[in-house]
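So this first bit is one chain, no partners, the form predicted alone, shown in structure tokens.
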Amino acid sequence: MDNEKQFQSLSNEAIIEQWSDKDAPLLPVLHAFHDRDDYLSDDTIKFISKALKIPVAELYATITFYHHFSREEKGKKNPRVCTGNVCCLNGGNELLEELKKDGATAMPCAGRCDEMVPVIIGDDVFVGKNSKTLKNIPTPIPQPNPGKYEECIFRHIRNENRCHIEGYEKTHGYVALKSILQKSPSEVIETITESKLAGRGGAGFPTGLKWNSVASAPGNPKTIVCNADEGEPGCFKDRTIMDHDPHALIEGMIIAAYATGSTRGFIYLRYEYPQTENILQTAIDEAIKNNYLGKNILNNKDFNFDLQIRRGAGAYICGEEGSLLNSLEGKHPFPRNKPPFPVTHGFEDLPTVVNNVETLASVAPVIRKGAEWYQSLGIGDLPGTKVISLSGDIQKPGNYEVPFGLPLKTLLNDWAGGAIEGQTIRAVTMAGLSGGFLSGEDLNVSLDEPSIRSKGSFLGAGGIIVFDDRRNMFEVAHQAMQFFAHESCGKCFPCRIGTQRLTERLDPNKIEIDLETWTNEVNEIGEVMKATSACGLGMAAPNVTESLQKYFHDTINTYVKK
């Protein structure tokens, strides 16, 4: 990759000099040393500590918190194999064993659930189910909408050369940006508010309200942060948007900057998307060259916006906005206590918009075609669309842009081809893993928050994993809870201890109590976690055990001693 070539010959001092005067320098500094040396040595950590004035103990704790900063010599070149919840059902564990002779280690879900199994070697991502079939190939373009519904996000994503500015401009690219310069920032916010566009990263917070709060908050400079750290197992929609339509994201961020008075922006990109980083950087360079980014945008002397990429290093918790902001600032990436909220005390304690990739990519079409158009895309009174990442035991996995209100079974059976031949769908997980299971009659929900929440789950970021009747749902629940326990940041004890205890209660080899005691313990732990955890991870994890009891009580009886 370009980064490797760029940094392989730089001295320690040159790397520090390159980043020391820039915003959010720690992550790029760590990546620069990691790219150059293929690991972070003790001497390197001491040098960075002194240069950036970060105590060694604090820096060491931060580095070792992330999954992908290697502390072993040549560690970056060793294969990292996805053993996420989808891949482990489709050969991930077997591939890991096969590659252990090459120094392979396991990694959590790497966001390629639609084409398994991803393996990261250096800064390249390969996919295949054994060492002989591994290929470095582009991520899939979404298939045409099988339901003939009008799309917003994927409307032009299949067009040739869409990832470059020439292809983007052929289908109204940057027209929305040009149009807003004839409007006031408040008019732009009003259009977004009227459209009812809400956060697509899981929280569903109204976008217009968030932008208005930042615009009216005191303090400068203001910042737009794109949360591109989609680490939820079964979620890979943001990767598709960034790989095939990066200018849609960039234009949305520029419009957000104009509306809120922000002058700087960051795309916080998950580590597992190294090829996406190159695509995004090329698109940013093209936008700067065409005067859509940088100083005096489109010759407007009062409109300046600097946009940079900051690559994460592998930590599920950094998808939570407080953790993300702490990571950007070079702090240990714990969630932040709220209030205050990022709209007033975000990056560097200044007003900050934190929006998801899908949310920001929706902005330009909404501005160009109007609030009423966007509202009309949903079914009935539900406004807009949602990109669903569908994976697991389904014939046609991939990303689908659906109107809110579409029946789940229509997506599963009519759009995605139904279950694998000879099998039937036993259950699905919602919101990746965070929403727990849906099964039986509850598969008749529609894809919108009110319908899904009425069944005790939620849509969240839109990852749906399908499990057919070959799967042992007790084991699936155990694997899901292992993920949450592994990714718990450890800041609050309800989550740190609770996920560990629930993992033990889902491990058949460690269950030595009767069913009544098991049930009481699991439910009590879950209640405490939901009531007292510091962030969404601890609040969501008990959905797994609650839904397991709801739908698969007979399976639980098989494993818990009577």
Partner chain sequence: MISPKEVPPNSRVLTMSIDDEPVDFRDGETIYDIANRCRREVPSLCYDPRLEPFGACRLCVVDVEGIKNPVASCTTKATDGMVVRTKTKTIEKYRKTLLEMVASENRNLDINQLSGYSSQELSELLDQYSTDNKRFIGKTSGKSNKDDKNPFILRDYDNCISCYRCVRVCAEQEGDHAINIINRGFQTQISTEFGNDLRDSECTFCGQCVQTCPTGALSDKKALRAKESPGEIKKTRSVCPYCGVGCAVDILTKETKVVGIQPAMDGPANEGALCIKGQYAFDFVSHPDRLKKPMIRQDDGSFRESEWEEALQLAANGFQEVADDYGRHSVYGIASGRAPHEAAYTMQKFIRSNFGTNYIDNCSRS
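Positions refer to the first chain, counted from 1. Being a predicted model, the structure only gives us computed values, none of them experimental.
Omitted here: the form predicted together with its partner chain. The next part is about that form.
Contact annotation for the candidate site: P55, H332 and V528 all lie close to its partner chain in the predicted bound form (heavy atom within 4.5 Å). This chain is drawn without its partner chain; in the predicted bound form, the residue among N161, T424, N444, N337 with a heavy atom within 4.5 Å of it is N337. G490 is the sole member of P138, P144, G103, G490 with a non-hydrogen atom within 4.5 Å of its partner chain in the predicted bound form.
Only one of 118 to 126, 78 to 86, 314 to 322, 350 to 358 lies within 4.5 Å of its partner chain in the predicted bound form by heavy atoms, and it is 314 to 322.
Its partner chain is not shown here, and in the predicted bound form it never comes within 4.5 Å of any heavy atom of K178. Interface membership of D514, defined by any non-hydrogen atom within 4.5 Å of its partner chain in the predicted bound form, is ruled out. Though the partner is left out of this view, E504 does reach within 4.5 Å of its partner chain in the predicted bound form, counting heavy atoms only. Interface membership of E521, defined by any non-hydrogen atom within 4.5 Å of its partner chain in the predicted bound form, is confirmed. Contacts to its partner chain in the predicted bound form (heavy atom within 4.5 Å) from stretch 188 to 202: none.
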